[in-house]
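Alright, here's a single protein chain in two forms, structure 1 and structure 2, each given by itself as structure tokens.
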Structure 1
């Protein structure tokens, strides 16, 4: 019998980009999944979170809801991003504690790491310096869940884990240019440029920043494995552990999408953090797993999906 069979699981953000892939997998494995919708439960209100726990009666809570996006939305709505994520995290964990859930899985972000360190980011670096100013309003809020979990462990013996995710991409992502992360933004730009027979595509910044990119379905698998196998307050990084420059990403998307024009770099747009690559040795050791999907293969699947679902994908915010 699988770990998930007959488990009741609450997935906040379960209708979102990452959440939908987790929900599909959980249902396949026989879990009873509850996905709170915003119109029914406003997770920035504690009473709504308490009601949600009553209605879902979960054994496991995966807190995946977040109001976030790429580098640009952090410039457009920094205050809303700060408030909603901070309060949601605090409320959902408090309600889960009151409901005496067996396990709480906090979905964190690589934006929580210090923004100016050299080299790969290990879990032990989490508190080693200031966050990058382009994402501090988001990264700090998710990091507070790790503090809350420590405090709740001490006082209530609350069982929580904290997973730190790198940049995701894949089917179901947000392709709106104000909100999208770089893979979705570039997929849309290159596919549209090809359709329009355009001469060039504008890509932001210098092309030098390094990120790593995790295919969303691999990420969903990793989270469910960690929820089953990991029981420690120390955070766990989830990612491929391999850096890719924005230039290389843009050229790969250009090649997979079949666009033959030029790339134009717009240096008036921000580069953000120069390097964000996670050390994933803890993940490999404990989950005995590495993401199977290569960047090129993941981009091929995503671009096929995007071309087939362009209208609905573009409408999603």
Structure 2
């Protein structure tokens, strides 16, 4: 019998990019999954969160709902991003506490790390400095869930864990230019260039910066493993632990998509931090797990899915 069989699980954001993959896995493992929708439960309102907990009666809550986007969305709606994420996190955790759930899994972000640290980021670096100005309004709200969990553990003996995710890609992602992140944006560019028989694709920067990219299905597996095995207030990084240059990412997408033109690097655009990779030694030690999907294999699956679902994927906001 699996840990999840007959477990009652509430997954906020369960219809979203990451959430849908967790829900599919939970259902296959025999869990009873409740996914709140905004039209029924506005998670920015505490009373709605309390009602949601009454209706779902969960043993475990996975809070993955978030309002976020790319640089453009952060520039347009910094206040909305800050308010909705801060209040959602506080309300969902408070309602879970009132409902006496067994475990709360907070889904955090690498945006919560100090914005000017480079190299490998360990969980102990989380409070080593200010966040990058471009994401402070989002990253800080997720960081506050870790503070709330510490306070609730001290006063109420509330059981919560905080998982810090790296950059995700995969089927079901957002490919709208206003909200997409680097892998999805590049996939759309190269697929469309191939369809148009274009001669070149422009990519910003030099290609030298190093980031890491985690296939979404692997991430869903890691979260569910952590929910089962991890019981510590110290945050846990979730990622491949291996950096990939933007140049390698773009060239791999070019190869997998079958685009035969040139990549034109627009060096007038900034590169940003040169290296940002999460140290995942805690993840490996506790979960006895590493992401099984290579970057190329993950991109192959993602591009096949995108080509088959392009119209709907482009329209998803």
Ligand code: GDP
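C-alpha atoms forming the largest set that superposes within 1.5 Å between two forms make up the rigid core. Residue numbers count along the first chain shown, from 1. Since this is a predicted model, take the numbers as computed values, not measurements.
Engineer: Return 1 or 2 according to which structure is the form predicted together with guanosine-5'-diphosphate.
Structural biologist: Only structure 1 fits here, because that chain is the form predicted together with guanosine-5'-diphosphate.
Engineer: Residue 289: after superposing the rigid core, is there a C-alpha shift of 2 Å or more between the two structures?
Structural biologist: No, because once the rigid core is superposed, the C-alpha of residue 289 moves less than 2 Å between the two structures.
Engineer: Please say whether, between the two structures, the C-alpha of residue 34 moves by 2 Å or more once the core is aligned.
Structural biologist: No, because once the rigid core is superposed, the C-alpha of residue 34 moves less than 2 Å between the two structures.
Engineer: Verify the C-alpha shift of residue 58 between the two structures: is it 2 Å or more after superposing the core?
Structural biologist: Shift at residue 58: below 2 Å after core fit.
Engineer: Can you give me the Cα shift for residue 266 between the two structures? Core-superposed, in angstrom, one decimal please.
Structural biologist: Rounded to one decimal, the shift is 4.0 Å.
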